[in-house]
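Quick heads-up: it's one chain on its own, the form predicted alone, in structure tokens.
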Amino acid sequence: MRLFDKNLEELRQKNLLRKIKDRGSLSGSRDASKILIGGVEYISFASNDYLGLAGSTELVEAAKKAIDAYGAGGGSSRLLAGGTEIHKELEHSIAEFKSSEAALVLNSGYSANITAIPAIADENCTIFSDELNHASIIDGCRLSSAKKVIYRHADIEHLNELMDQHEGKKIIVTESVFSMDGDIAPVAALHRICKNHDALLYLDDAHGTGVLGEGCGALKHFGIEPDSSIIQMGTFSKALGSFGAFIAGEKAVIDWLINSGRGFIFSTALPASVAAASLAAIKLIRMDKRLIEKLWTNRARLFDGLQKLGFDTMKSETPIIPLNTGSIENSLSLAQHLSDKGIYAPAIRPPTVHTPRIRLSVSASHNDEDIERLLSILKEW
């Protein structure tokens, strides 16, 4: 234990020690823009619940109904009938939503990436991964037996040069919306490169699903029709307000994952209640685009206000808006200032990011007063 005490003390000295903060229940409210921590209510600008669906009546009622019908847990893996008819319906809905032949539900975004990437990338393959890709992508690449090549963030010219240097099967792996910077990958250009090199594009659309392309994600945002060269990953735990993840692609890809994806084969199925909530979320988004429109209206209001105040918002193009504070100490100071004034927006520090920041995440649930309050408090700082 002394080893861990030493390591923890080193983190503490560097202002890098993390602690868990669990939220309480706001009595009579499931407002996604509010959070209760330690008995104190805050306006939250730290949630990935972009559309405010996690507390919606439709999702909650769908989950309750599924619990009554199927119970609280899965009981076994999908291959041992741990899934339900709701899981199957959800996969059909996702395939339609993403305009793909088929889809497969997995237990989390992290699980999806460390399951799918090793399954599709063997020893005869070279993976080309954006340098700012999420940890789950990095770990998925590490678990594969493929050769790994890192290209400079969103640098198409550099990627082309690297791909020209390698033979054999090639896979480009990228996020669509980068979770800490809020910028959008050049997906159209990446798709063209894949065509030129007969390569696969593995697109982590976790922060694009429900946000870009009228909710359908990055491919629709760029006007790209899904084809055999594209595999899409997405999550239910962000804009869709539920939990779990999915892979969407050709039926052969999905059948291969069912037979070789270790994270799928050896995991208990998600509870039917979770699948039901996800299914309800997709139906809501497909029927009504007003929440997505409100999200982007709120994003524009906050972003414009931050620009007028002179904040460095880095490369943000989405509801994820980082504030470059210049140092770990400044990030912690600003996070504390916001907290003291009733705003929850924690500091993001290494190793999660190279550049310390406050990562603001705006939601369709925020009202004009929430955004103006945040801007006025930032102006004070």
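Every value quoted in this text rests on a predicted model; they were computed, and no experiment measured them. For every residue, the number given is its place in the sequence shown, counted from 1.
Unshown form predicted together with a small molecule; subsequent notes refer to it.
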Residue 238, heavy atom within 4.5 angstroms of the small molecule in the predicted bound form: yes
4.5 angstroms heavy atom contact with the small molecule in the predicted bound form for residue 299: no
Any non-hydrogen atom of residue 217 within 4.5 angstroms of the small molecule in the predicted bound form: no
4.5 Å heavy atom contact, residue 108 to the small molecule in the predicted bound form: yes
The small molecule in the predicted bound form: contacting segment from 134 to 142, 300 to 308, 191 to 199, 276 to 284, heavy atom within 4.5 Å: 134 to 142
Interface residue in the predicted bound form among 247, 270, 173, 206, criterion: non-hydrogen atom within 4.5 angstroms of the small molecule: 206
Contacting member of 179, 126, 100, 129, with respect to the small molecule in the predicted bound form [4.5 Å, heavy atom]: 179
